[in-house]
Ligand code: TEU
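The chain below stands alone and is given in structure tokens; this is the form predicted alone.
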């Protein structure tokens, strides 16, 4: 496969609202990010993925954009952004923007025009339908609860919104709309940004028949008619041809419900669409009657099987995007590790497991500190629209008890990832001198950056070593992947091979001692999360990676 700078890179996701507040208003901002660039440089990351900083009424934390070419006032202005870009580039850190073009805010100028009349020039920029029998055009349910259709009195028609009703979906079948999007993308690329993470990009082409969906709960499922629609690849190839291919950038698509076969179309090296995609199979494991809302533990064999499928399935065809968490997922150590007794060991183990696989690893802010789920006990502590809507729908309409639903929110709410970054043991974790927009996790005095920077054995410094390995060891980037111990429900193990070098990675996902074959005498240990070797068993949440040179070859 072709070499590329983004294959050799480690990407760090910043959720600006919760990263660092420079002016005491309780909301993270761009100047706050600038003040922490040296922290990120020291960590060793190569690329920042910046969650949306565009002008937005903030119905969905910035994923509802009212102007693609302005900065949200709470975050600063374009001068601040230009400074961030310049300061990051000075430190050899690239920046990729979040591109949100499946939908806009209903306050975007295009939609303000679109809703005025049926013959407005912008009408066809969005998806408008007549009602059916005095009700919605079909039975689709929004992913944020309620109907996916909103009635608009001005023209007595309905517009589609897969997400919140203030997030109307764009009509990508309109070529003029597509050109407007490409124009906006060029504007950012000319400014010097280094690529895009494309929000829900797999949803931009809808089934033109808009059939009813299979009823699950109160509404019909729109997923089969909106995900990977009839023209999605055609539109992405057009975007690549007209915009992406003209710049030295990277792209990653958020592709909900993607299959391996579909991913090969989005991210195949010969397809001229995207560089890689996010698949969500591993983080969606354990879904049940109420979708993600449950407290079931992950089955390790299932988790391994998903990673194996993607690692082996994309070999020689496309590139993997590797992640445990992001702004939409619970904290990695709480979901996949142990955030209590074995917190530090399991946070380091998860780092080893992910970062030494084949693909580009993504770190979500605070993951390098082992930040944990929020542990909120009151609904009033939550800010996430999806969580609040789900609570009301399930408690008031589906008969789930309030206590049970609060347990599910503590496990799975998106707000677990959105509590402020824990910089120090000072008030509000050093995030703000004001009142934070969302509560700080109560464990900030134990888990914070300041304490970990000074401790050579901290999770932060362990992550530094992991990132260094990717930069120093060619096998980490380019070696082939093979799963080991496939039937074990305790050990996640794999090997990477490049010419006569082998890298073997062993990770214990349990609080038990687990036997394994032992490390060969000629092996060199590259990284481990315990200080001493232990023979032929792995201790609780132990991770070891070792390199073997095969002298018999060549």
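From a predicted model like this one, the values you see are computed outputs, not experimental measurements. Positions refer to the first chain, counted from 1.
The same protein also has a form predicted in complex with the named molecule, omitted here; what follows describes it.
When contacts are defined as a non-hydrogen atom within 4.5 Å, none of 123, 157 and 210 contacts the named molecule in the model of the complex. Proximity to the named molecule in the model of the complex, defined as a heavy atom within 4.5 Å, singles out one entry of 279, 167, 373, 360, which is 167. Shown without its partner, this chain lists 197, 161, 355, 331 as candidates; in the model of the complex, only 197 has a non-hydrogen atom within 4.5 angstroms of the named molecule.
Using a 4.5 Å cutoff between non-hydrogen atoms, residue 256 counts as a contact of the named molecule in the model of the complex. Interface residue remark: residue 143 is counted as part of the site for the named molecule in the model of the complex, having a heavy atom within 4.5 Å.
Within 4.5 Å of any heavy atom of the named molecule in the model of the complex lies no heavy atom of residue 348. Contact check for residue 100: a heavy atom falls within 4.5 Å of the named molecule in the model of the complex. Only one of 26 to 34, 55 to 63, 483 to 491, 509 to 517 places residue heavy atoms within 4.5 angstroms of the named molecule in the model of the complex, namely 55 to 63. The single residue of 275 to 294 lying near the named molecule in the model of the complex is 292, the criterion being any heavy atom within 4.5 Å.
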